[in-house]
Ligand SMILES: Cc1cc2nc3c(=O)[nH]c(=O)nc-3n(C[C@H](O)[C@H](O)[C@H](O)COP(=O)(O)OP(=O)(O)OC[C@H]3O[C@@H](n4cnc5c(N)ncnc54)[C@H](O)[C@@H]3O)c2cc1C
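Below, in structure tokens: the form predicted on its own, a single chain.
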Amino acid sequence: MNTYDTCIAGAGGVVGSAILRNLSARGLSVIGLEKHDGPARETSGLNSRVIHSGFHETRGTLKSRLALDGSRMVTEYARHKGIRLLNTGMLIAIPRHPIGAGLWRELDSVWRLWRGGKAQGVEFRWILSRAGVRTIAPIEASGGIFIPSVSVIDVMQLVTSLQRDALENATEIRYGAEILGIDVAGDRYVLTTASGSFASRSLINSAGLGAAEVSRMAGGPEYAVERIRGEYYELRGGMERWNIRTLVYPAMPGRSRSKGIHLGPRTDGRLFVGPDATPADSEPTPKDVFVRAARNFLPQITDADLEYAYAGIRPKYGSDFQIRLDRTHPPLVNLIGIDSPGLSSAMAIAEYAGSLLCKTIRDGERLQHSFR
């Protein structure tokens, strides 16, 4: 059995793929294990495809920092590699309400977002009238904030490009390799999977929805991770019919569990409404919820204009990403609760986790040398 320098659990997602690329470029021998039979089959392939700027995130959090850095990194990477990227910008809009029907609450939400975005140095501008809104998107809204740097990306192209880079550095990726058990044998992990066993001197746990279970199997901490479902509907006729070429988000309360049901164009010309945020084991959200959300900005929408598209499940653990060295002998780096903006942050997460692991390896080598 070959022994690798590190193993990436959850190598088929965008974060796992970015970590594969990062660590292989550092000269480590890397094996990536993925339980699904292809890339982006779970959270990565069932999201909004948005490259966020970190504008929605709380200043000082890991999410905020990694989204800001990661969005710049992935945008530059996509342009360099010719990955489909649609520079939509993002309009955080206030629907047209009578005073007293929620307007003041939404104004407060926009004000809070403005303060956070300004503190992070995110470029944006105020839109202060209905006419100003309509220069950006043909919707009904009183005003809002426009962030020009936000894009949507072709996720499958991104994941396959990241993996291609890693494979050029002699990385191995095994699909259909669900981890069934992990043993610690001296200075290494022995991982038993559905397609064989693998030995590794360290482990990076980027298993997404399965990350809590992988941590437990590897002798790491127990994490109580929520599973949040987000459903999406497609607007018939897409961008061509509705002429919506900008992401349109509602202004949400500060402690909201999501960024809100929004209008989302895609790189292929399709247009979606979603996602909501409900427990994964709850009943599906009624279609009318999405119709009403769309009507906040497009009053002419009818039930017949929306067609069910898909649902994705994301892991939620508190209000911030958890990227931690949870064991040192052998090293275990856990990535827990990597929800939105995980896609935007992926390349910055890879740099952060890769640096954490490599520092641990170097420190361990120095410690061993000092005892010789």
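No experiment lies behind these values; they were computed from the predicted model shown. Numbering starts at 1 and runs along the sequence shown.
Another form, the form predicted together with the ligand, is not on view; read the next lines as being about it.
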The stretch from 238 to 246, 207 to 215, 124 to 132, 290 to 298 that lies within 4.5 Å of the ligand in the predicted complex, judged by heavy atoms, is 207 to 215
- residue 15: heavy atom within 4.5 Å of the ligand in the predicted complex? yes
So in the predicted complex, does any heavy atom of residue 234 sit within 4.5 Å of the ligand?
no
In the predicted complex, does residue 306 come within 4.5 Å of the ligand, counting heavy atoms only? no
- Even though the ligand is not shown here, does residue 66 get within 4.5 Å of it in the predicted complex, heavy atoms only? no
Assert contact residue (the ligand, in the predicted complex, non-hydrogen atom within 4.5 Å, options 325, 62, 313, 28) equals 313
The listed residue (230, 250, 143, 265) that reaches within 4.5 Å of the ligand in the predicted complex by any heavy atom is 230
Within 318 to 340, the residues having any heavy atom within 4.5 Å of the ligand in the predicted complex are 338, 339, 340
